[in-house]
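In the block that follows, a single chain appears as C-alpha cells, in the form predicted on its own.
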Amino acid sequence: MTYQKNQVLLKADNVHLSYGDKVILREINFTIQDIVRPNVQQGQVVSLIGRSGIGKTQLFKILAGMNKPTSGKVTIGKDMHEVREGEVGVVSQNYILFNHRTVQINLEIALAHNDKNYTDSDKINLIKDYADKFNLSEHLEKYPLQLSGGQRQRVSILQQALTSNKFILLDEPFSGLDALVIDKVVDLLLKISTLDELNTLIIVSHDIENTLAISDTAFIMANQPNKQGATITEKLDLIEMGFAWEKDIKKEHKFQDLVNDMKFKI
C-alpha cells in the first residue's frame, strides 16, 4: 500500500495535568501527520483509546483548547501555534445543537463560521449536498428534539464538517448506539475524513473494536505501575499493520486478535 506521512498537523508535547497533588495526565506525547496516498483524497482518523475514568475527557478538553495543561502544550496548523478554543470542531456526547432552530438553520449557522466566501445559493446547495450524502434530507425542517440520538449525532458531526475547522474531536461517538447505527456512524466518519486532504478526526473512546476499525493510527492511554497519572503507553500504526482503510476489517481474525490484546492493556 503506497502512502506517505508528510507535515505534522498536530502535536502534543509533554502534556501534564494535575489538580493539586493529584496527577491526571503525565508526559502525553504524540504527533498527527498528513497522510498522502496517490490518487486518493485521504484525511486522517486518529484514536485515543483508554478505559473510562483514565483522563480521556481532560485530554479531550486540552486538545480542543478548552482547558490548559499544567505544563506542556498542544500545537496545530502550518505554523504549529498553540491550539485555541474554537479552532477544533467538537462533537460531544450531548450533541450541542440549537434546539429552538431547525436542522437546516443549525447547519446554516455552522456554515456561517466557514472562512470560504460562499454565496447564499452556494450555501443552500452545499447543505443540500451534505444532507443527501448523510441521509438527513428528510429531516432538515425538523427540530433536534424531534430526531433520534443517532440522527442528532449525524447533524452534530455534519455541523462541524461545514465549518472551516480541519480538526474534529469526537467524544465516545459509538457510545449507546446499536450495531446498525454504529455502522452508519463509521461510514459517516469515513466520508467526513475524505472530504478534504487535511481533515483530521480524533476519536476519544473506550470502544476498542469500533475505534481501531476506523483509525489509521491509535494511541493507547493507560496507567503505569507505581506512577501517577495516565500516559500514552503504546502507538499502533494500523496502516503498517495492514488494518487501515479496510471496510470489513472487523471480520479478520488478526484484527480481532489485536482487539483482544488491547483489552488487557487499557
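In this text the structure is predicted, and so the values were computed from the model without any measurement. Numbering starts at 1 and follows the sequence shown.
This next part talks about the form predicted together with a small molecule, which is not shown.
| Of the listed stretches (253-261, 240-248, 20-28, 7-15), which one has a non-hydrogen atom within 4.5 Å of the small molecule in the model of the complex? | That would be stretch 20-28.
| request: Answer yes or no: in the model of the complex, does the small molecule come within 4.5 Å of a heavy atom in every one of Gln41, Gly43 and Lys191? | output: Heavy-atom distance to the small molecule in the model of the complex: none of the three under 4.5 Å.
| message | With a cut-off of 4.5 Å between heavy atoms, is Ile54 one of the residues that contacts the small molecule in the model of the complex? | response | So Ile54 counts as contacting the small molecule.
| Gln33: touches the small molecule in the model of the complex, heavy atom cutoff 4.5 angstroms | Taking the distances in the model of the complex, the answer for Gln33 is no, it never comes within 4.5 Å of the small molecule.
| query | With the cut-off set at 4.5 Å between non-hydrogen atoms, does Glu108 touch the small molecule in the model of the complex? | reply | Result no; Glu108 lies far from the small molecule in the model of the complex.
| Is there a heavy atom of Gln58 no more than 4.5 Å from a heavy atom of the small molecule in the model of the complex? | Gln58: yes, in contact with the small molecule in the model of the complex.
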